[in-house]
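Single chain ahead, written as structure tokens, the form predicted on its own.
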Amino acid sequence: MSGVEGYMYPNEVTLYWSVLIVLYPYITGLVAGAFILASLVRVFRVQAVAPTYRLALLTALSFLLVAPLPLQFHLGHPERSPEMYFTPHATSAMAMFGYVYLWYLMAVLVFEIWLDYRREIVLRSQQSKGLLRLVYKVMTLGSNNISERSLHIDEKVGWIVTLVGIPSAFLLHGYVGFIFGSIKANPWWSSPLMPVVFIFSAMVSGIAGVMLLYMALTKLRKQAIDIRCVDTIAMYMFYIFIIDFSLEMLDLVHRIYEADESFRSLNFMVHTKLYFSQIVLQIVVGTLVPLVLLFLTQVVKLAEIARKRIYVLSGSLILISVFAMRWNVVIGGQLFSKSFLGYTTYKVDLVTKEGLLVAIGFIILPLVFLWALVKLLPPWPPQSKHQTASGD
């Protein structure tokens, strides 16, 4: 059979989890990381990153709206998916995700954004005209009190919501790693470190994504980039990336030391079918290079323009690295037989339901939603409570 080496059962030749299942944990990871960056301002009072606070929240919401769509396209009958809300099944990890998703979307993220923007929404509902006025009127939810006391209560409640949202963000993405880590039949996935690795890689990818968006949008608005802000973001990104890389290396060392019956097959995979995606993209280009570049910015006094270029390059490589990690886990875990005697291949189609064009569309769609949200709720108005000057 074409693309098959060794001995495989017929049901192992075709991969049932496609590139869309790769996108799903990747997109949810961006959500979690963006929210964690926003929490640095609200909960941990890191005022240096305040210029990205609202942008991080809107970015998290944009990607969260798209997060379940790859799964919907993958399902044979997506119209049946709402049934999991009406027929609770506590032992199903996928069913529990539905409840976690709704909790995080409605009770945490949307509520926090509404609290933070409530003053601007009320003012715009009074100042706008036509259809836009109606939209803002609906968004006020009938709450038009923007007195100092009322806004102070909003701030307090928002702090509590963010505090609750941090473990919720970990739960949202950590459960993806839990699903893979709990499948003991597949040695590539079966690791207790899998949920933790997914969480930290999610944090670093989301932070990198917001940093790049902030720099790009600020340039498009012809405004000066707050260098203190991006310096601080890069510092947190660097430290979290070190932890993420250390955890992945710890998992690798454990597998090498344990060297069970599956090790020979996994070693073969890394040196052949996954060599480019894991060794070249994930480890060398996507991890070691940005770590070295970010390390230089921490120990060497570089010019502002040089630091900006390093941050753009490092952030882009980190996004590639985390996507490669998701690819290696989802696709790589299906390329060998359970008997460890055969190997198959995966080819991404171009225009099928789970093909390359659809995957690219799901990457672009959150950016379209973000553009609409930024138009509706600008994250950088002069009167923003969380906007700080570069010299603060």
Partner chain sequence: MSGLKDAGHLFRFLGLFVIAFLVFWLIRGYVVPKSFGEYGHYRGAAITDIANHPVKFAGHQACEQCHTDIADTKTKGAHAHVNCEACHGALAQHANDPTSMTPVKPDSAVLCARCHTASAAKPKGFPQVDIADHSNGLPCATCHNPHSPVIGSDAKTTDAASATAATGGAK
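Predicted model only: the values in this text are computed from it and were never measured. Numbering follows the first chain given and starts at 1.
Omitted from view is the form predicted together with its partner chain, to which the following refers.
Asks: Since exactly one of L217, L71, L163, I153 fits, which has a heavy atom within 4.5 Å of its partner chain in the predicted complex?
Replies: The residue in contact is I153.
Asks: Can you pick out, from R118, K308, R124, K273, the residue that has a heavy atom within 4.5 Å of its partner chain in the predicted complex?
Replies: Among R118, K308, R124, K273, a heavy atom within 4.5 Å of its partner chain in the predicted complex occurs only for R118.
Asks: Since only the chain is shown here, I'm wondering whether Q298 would be in contact with its partner chain in the predicted complex (any heavy atom pair within 4.5 Å).
Replies: Taking the distances in the predicted complex, the answer for Q298 is no, it never comes within 4.5 Å of its partner chain.
Asks: Verify the contact flag for S147: yes if a non-hydrogen atom of it lies within 4.5 Å of a non-hydrogen atom of its partner chain in the predicted complex, no if not.
Replies: Contact with its partner chain, yes.
Asks: Evaluate P88 for contact with its partner chain in the predicted complex, applying a 4.5 angstroms cut-off between non-hydrogen atoms, and reply yes or no.
Replies: Result yes; P88 sits at the interface with its partner chain in the predicted complex.
Asks: Report whether the minimum heavy atom distance between G130 and its partner chain in the predicted complex is within 4.5 Å.
Replies: Flag for G130 set to no.
Asks: For the interface check, one of 191-199, 79-87, 247-255, 206-214 should have non-hydrogen atoms within 4.5 Å of its partner chain in the predicted complex; which one?
Replies: So the stretch in question is 79-87.
Asks: Verify the flagged residues F111, W114 and S143 against its partner chain in the predicted complex: is each one within 4.5 Å by a non-hydrogen atom?
Replies: The answer is yes: all three residues contact the partner (heavy atom, 4.5 Å cut-off).
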